[in-house]
Ligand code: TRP
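The form predicted alone is given below as one chain in structure tokens.
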Amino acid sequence: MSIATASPEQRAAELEARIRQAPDRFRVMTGDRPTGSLHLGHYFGTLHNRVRLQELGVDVFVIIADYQVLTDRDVADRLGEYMEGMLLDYLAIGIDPARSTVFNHSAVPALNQLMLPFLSLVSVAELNRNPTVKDEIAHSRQSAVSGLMFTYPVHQAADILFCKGNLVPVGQDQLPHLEVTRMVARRFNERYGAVFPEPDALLSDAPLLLGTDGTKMSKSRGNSIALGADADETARLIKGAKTDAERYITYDPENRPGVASLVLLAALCLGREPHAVAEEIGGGGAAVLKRTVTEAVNSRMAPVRARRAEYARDMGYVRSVLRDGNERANEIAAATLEEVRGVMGGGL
């Protein structure tokens, strides 16, 4: 079976093998919207994987997608604060500016220029039936959905293809967005000539951590533990986390989601299996569980917090990381846009 016809899970396994064999053949594109503070869900879900890929020798691009904040809200509140917080978090977890490129969307105008010809390759019906867009519309903060929401997948295609990214770490829910990028690349190449790769999904098997209220952990719901939280705040948040009335602790995500999420968090921080952690706590109940989680999180995050505090004392350097990343991204985007103009006839 070829990688082109394999299932997403099979492709992910094959891609992992290829990455280890020849990491320099891959360019990863990933990023975050600056809509709030990055939290432990981000850390175990995506952030540590970026560092892993970087350490393997993959060329990693991380976009702070500031323009895309407006896809589901009317204004970009506290944008500067959130962007600087993200930069601090990236550096603290181990993103190395010498090996990875961090940049922000609004600093690279060629991305929006690429989006225009890309939009001509996608029909309104195709945009309208994207299941990920439908879900995001359902959870939008806006009373009326803007056109930017419908073009969001094409916006992301420009973000990925400007640097000819060929590998995108995603969860299952983001596969429809990536399929739009693959479709845009394929149709552009068929119409104008081979310019863009069709990027592959590096499917994430990241565990799902719930928020302290038992629902999805989210930057906007106030139910997360931020990477920038100190030990006391972390302890307070975990103490207030939702559990259940059963005293004996088990790892049962389906029937005891709140308890299971706390057990999983402790297990991830300790590098152990969740069932073993739950069995060890046993009859200790919620109090022992929360104490175990608090100690595990604070121990795991102590070096990250120390590095974050050190970087925060030199914000001049932190901002220079973004300036340098923006400069590299602009150089690459300008070259790609020039190539696009050339194959399209030079009239753009």
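Just so you know, these numbers come straight off a predicted model, no measurement behind them. Counting begins at 1, following the sequence as shown.
Although it is not shown, the form predicted together with ligand TRP is what the next lines describe.
Visitor: Just one of 57-65, 303-311, 275-283, 290-298 has heavy atoms within 4.5 Å of ligand TRP in the predicted bound form; which?
Guide: Comparing against ligand TRP in the predicted bound form, the contact stretch is 57-65.
Visitor: Report the residue, out of A226, L264, A92, V168, that has at least one non-hydrogen atom within 4.5 angstroms of ligand TRP in the predicted bound form.
Guide: By the 4.5 Å heavy-atom cutoff, the listed residue in contact is V168.
Visitor: By the heavy atom within 4.5 Å rule, which residue out of L53, L38, M29, L322 makes contact with ligand TRP in the predicted bound form?
Guide: That would be M29.
Visitor: Quick check on S106: any heavy atom within 4.5 Å of ligand TRP in the predicted bound form?
Guide: Heavy-atom contact with ligand TRP at 4.5 Å: absent for S106.
Visitor: Given that the partner is absent here, does Q156 sit within 4.5 Å of ligand TRP in the predicted bound form, heavy atoms only?
Guide: Close contact exists here: in the predicted bound form, Q156 approaches ligand TRP to within 4.5 Å, heavy atoms only.
Visitor: Give a yes/no on whether Q174 approaches ligand TRP to within 4.5 Å in the predicted bound form, heavy atoms considered.
Guide: Q174 belongs to the contact set for ligand TRP.
Visitor: Is I160 close to ligand TRP in the predicted bound form, meaning a heavy atom pair under 4.5 Å apart or at it?
Guide: Answer yes; at least one heavy atom of I160 falls within 4.5 Å of ligand TRP in the predicted bound form.
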